[in-house]
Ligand code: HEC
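To begin, one chain is listed below as structure tokens, in the form predicted alone.
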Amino acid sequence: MPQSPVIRKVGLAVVLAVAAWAGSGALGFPRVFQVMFATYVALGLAVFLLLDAPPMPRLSGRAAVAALVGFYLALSVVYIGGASLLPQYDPAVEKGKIEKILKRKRDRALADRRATAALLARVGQLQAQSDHLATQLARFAPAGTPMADRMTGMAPDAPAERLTVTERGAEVYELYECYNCHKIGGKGSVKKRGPVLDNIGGLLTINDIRKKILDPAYLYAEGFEKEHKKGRMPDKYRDLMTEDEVLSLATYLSTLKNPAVDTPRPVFVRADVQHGFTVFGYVRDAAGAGVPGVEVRAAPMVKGGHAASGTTNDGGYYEIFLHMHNENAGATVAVSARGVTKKFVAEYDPGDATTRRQQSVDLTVADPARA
């Protein structure tokens, strides 16, 4: 017995709804998107069923007006009820983010103003003290009250909130909503706008990350050629971010080194990658804190190899540039600090002109202060 058109359409709609639900779930879309896709299929089914529905009797007068009003009321109830089930935009959340961005800039401006006022007050006190001493000397009289007792300048208030550079960088990442295009720890964009960043610290130095933030055309992630050509990453951050914010964000991202996550390799567009080899990373103590002021030495274990060294900054980060040539590909490099040594093989393709020759090496050393 042949099936009616209505049954066929309902069956097809059920298949499409299940496929939309399962497909969007497999692609990592949130549950609300899965509901939306299934709802779109249901709305499409309703439209096609209405096309096959028998014509309604012709209405006129009050009956026509009542039917029209009833139709719009029913439609409004459906749309309002459906929209109420979706996550709502919260202006307070966005205002809070803007307030955080502006708070530090306002605090810095106020601190500068207070410091200026304090300096002007001290200048006035010094001038008054100078005039007083001049008068006393003119009369050959003893000097008056010691100057130190009268110099009571006001120091600017210390900031109430003190964050590490890495913590500050994580805050900048959230405030500027970098998660709209990137993922860290599985959280972030559901669209392929930008690469996951869980292992970006193992692929890029702080300086390269900083340059990418300020100049998106500097490099791109492998597999994101189309996004790079379309300029998906905005270049507005050079105007929006302070240098402190850019450096903090780059430092935070440089600590992300999870090789279990497939962060795509960087492809350099505006850099000469064929000369030299860069070794970079962090020197930390047993507790995981960065150790500043540590000399790190890197030495290619080849005949005629030239060793080089660098010193960790306040966060324990270092970079060392080695003079290694095409024929040194495959050489072993030893990296050492405070008696701790790690070795790696410098693997690179001498004919590759787009991949930076570099290696991330982190060291854990004993802290003399705790020894």
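From 1 onward, residues are counted along the sequence shown. This one's a predicted model, so the numbers in the text were calculated from it and none came from an experiment.
The same protein also has a form predicted in complex with the ligand, omitted here; what follows describes it.
- Only one segment in the set 190-198, 126-134, 107-115, 92-100 has residues whose heavy atoms sit within 4.5 Å of the ligand in the predicted bound form; it is 190-198.
- In the predicted bound form, Leu249 approaches the ligand with a heavy atom inside 4.5 Å.
- Taking non-hydrogen atoms only, Thr263 approaches the ligand to within 4.5 angstroms in the predicted bound form.
- Shown alone here, Cys181 lies within 4.5 Å of the ligand in the predicted bound form, counting heavy atoms only.
- For the chain shown alone, Arg122 is not a contact residue for the ligand in the predicted bound form, no non-hydrogen atom being within 4.5 angstroms.
- Interface residue among Val165, Leu219, Ile206, Ala299, judged by heavy atoms within 4.5 Å of the ligand in the predicted bound form: Leu219.
- This chain lacks the partner; the member of Pro234, Gly81, Gly288, Gly185 within 4.5 angstroms of the ligand in the predicted bound form by a non-hydrogen atom is Pro234.
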